[in-house]
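Shown here is one chain on its own, the form predicted on its own, set out as structure tokens.
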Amino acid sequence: MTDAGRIVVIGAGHNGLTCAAYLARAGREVLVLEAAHQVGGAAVTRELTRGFRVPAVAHLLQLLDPRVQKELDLARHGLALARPALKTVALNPEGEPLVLEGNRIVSGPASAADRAAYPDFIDRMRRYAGVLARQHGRVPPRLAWGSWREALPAGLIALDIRRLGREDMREFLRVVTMPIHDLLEESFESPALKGAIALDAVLGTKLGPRSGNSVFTYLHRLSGESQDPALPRGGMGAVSEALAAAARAAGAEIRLSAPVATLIVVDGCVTGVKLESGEEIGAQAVVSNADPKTTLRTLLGARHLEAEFARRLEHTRSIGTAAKLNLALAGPPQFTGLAPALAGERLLIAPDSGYVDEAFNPAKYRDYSRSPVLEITVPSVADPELAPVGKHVLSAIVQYAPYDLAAGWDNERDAYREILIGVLERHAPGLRKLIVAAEVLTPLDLERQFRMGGGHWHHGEMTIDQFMMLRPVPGAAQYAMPVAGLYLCGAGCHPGGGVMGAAGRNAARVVLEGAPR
């Protein structure tokens, strides 16, 4: 074990790559170790079957930190958008779909009152989301302050809320912990509109519309710079490739197919890593892009943690309920009532808030929904290079599919795939005949293939009790772990899930402050 000035980053997911790029730009020697054969973690584009390339898990870009884009010059490193802003289309198998764009209802089944109220609602929610957005680039404050400098970050949060103005501040504090269902009931009357917003609030979470904190998760989704999601050219893998190019250009080394087996601890300090191959690599600091439980329980080992810290970590909620469906299609799917010009937009199956809530119910009892909610894209409409000429790929995020399925996913995966195709067939008659290849990734598959503990792609629920100075747990919320030389930089730390890069950027700053030359 040599070269103690090196910083090792475990995992070439988007946050790991972001962290590595910033560390290398600061002149540090950086080695990124990735278990898979390509960079990106869950934000990858891969071949489903010959000629058909799909976004394996993440499929839309909405939260990428603008500072990361600008400072790492991702456009120069190849990041481009096939579509910069997608409309949201709530499918209706019996008639005209609801079409939303920005802060307006473009067309579809919505009352005149809702059409008038929707712009004000979205503008207000985005003002509230701005409070969260302003925290993205900050290291969370400590719960106990030893000086005014340590107290300052907490004061900034209070100031951000106060800057909303008296009326908005009161309303923000009233609604932020509410169930999204209650907010929708007091704001709108159109079922399709309430269903679309309810889906946005719970996507990727183990929450239903009637769950507390679902307004908070909705605000998190709105906290990106872009109001509408974008479609990267080449799929989400293009984002990861641009980050990898930026890291390499800054001097970082990225080693693929190099899974880490364990961290090396000497005298209570992390001094390097040991690969599954048996190779040992020394380091001044190790930064993990893996989820907190994998990092601290598996790679480090609970014996190196205080008992109370280990107990808090064990009780963090990090069980995934979102699955992914990828299809290769011999032709374009024909959704009922959908104009051809809308085929490449973001499509939803969530007819009303009650439907979303009923889809959530089975997950409480370790079962999957037979009438799931789906977020669908056909990215090959805007990005034809993803499929052969005249053919297409379809990508869908599906709720709810619990990681800990009582019947076991190895027994139920095929049946679940048929249920999902059946739901799509009801909205796009004839789709089943177009299928060339199909892939369902359950939360268990996400854990197996992408080393995501619990199959949760946010590495933990995005709720107020697991946010900022509480994420992942008190004592580990400022990226530096309670064991010297070890840091986190992934979605399990502040500011949480989504392809953002902010956690990696923040972690790099903390590492540079804590690991002097």
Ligand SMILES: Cc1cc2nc3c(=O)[nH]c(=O)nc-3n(C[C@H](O)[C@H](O)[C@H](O)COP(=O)(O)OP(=O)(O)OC[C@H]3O[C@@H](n4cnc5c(N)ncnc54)[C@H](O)[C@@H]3O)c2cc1C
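In this text the structure is predicted, and so the values were computed from the model without any measurement. The first residue of the sequence shown is number 1, and the count goes up from there.
What comes next is about the form predicted together with this ligand, which is not displayed.
Visitor: Of 86, 397, 199, 215, which one comes within 4.5 Å of this ligand in the predicted bound form, counting heavy atoms only?
Guide: So the residue touching this ligand in the predicted bound form, by this definition, is 397.
Visitor: Using heavy atoms only and a 4.5 Å cut-off, determine which of 42, 477, 486, 68 is in contact with this ligand in the predicted bound form.
Guide: Contact residue from the list: 42.
Visitor: I'd like to know whether residue 502 contacts this ligand in the predicted bound form, with contact meaning heavy atoms within 4.5 angstroms.
Guide: No, residue 502 stays farther than 4.5 Å from this ligand in the predicted bound form.
Visitor: Using a 4.5 Å heavy atom cut-off, state whether residue 46 contacts this ligand in the predicted bound form.
Guide: Outside the cut-off, so no.
Visitor: So in the predicted bound form, does any heavy atom of residue 380 sit within 4.5 Å of this ligand?
Guide: Output for residue 380 is no: heavy atoms all beyond 4.5 Å of this ligand.
Visitor: Is residue 54 one of the residues lying within 4.5 Å of this ligand in the predicted bound form, judged by heavy atom distances?
Guide: Residue 54 lies outside the contact set for this ligand.
Visitor: So which stretch, 22-30, 46-54, 477-485, 455-463, is the one near this ligand in the predicted bound form (non-hydrogen atoms, 4.5 Å)?
Guide: Contact-bearing stretch, as computed: 455-463.
Visitor: Select from 338-373 the residues with a non-hydrogen atom within 4.5 Å of this ligand in the predicted bound form and write them out in sequence order.
Guide: Counting only heavy atoms within 4.5 Å of this ligand in the predicted bound form, no residue of 338-373 makes contact.
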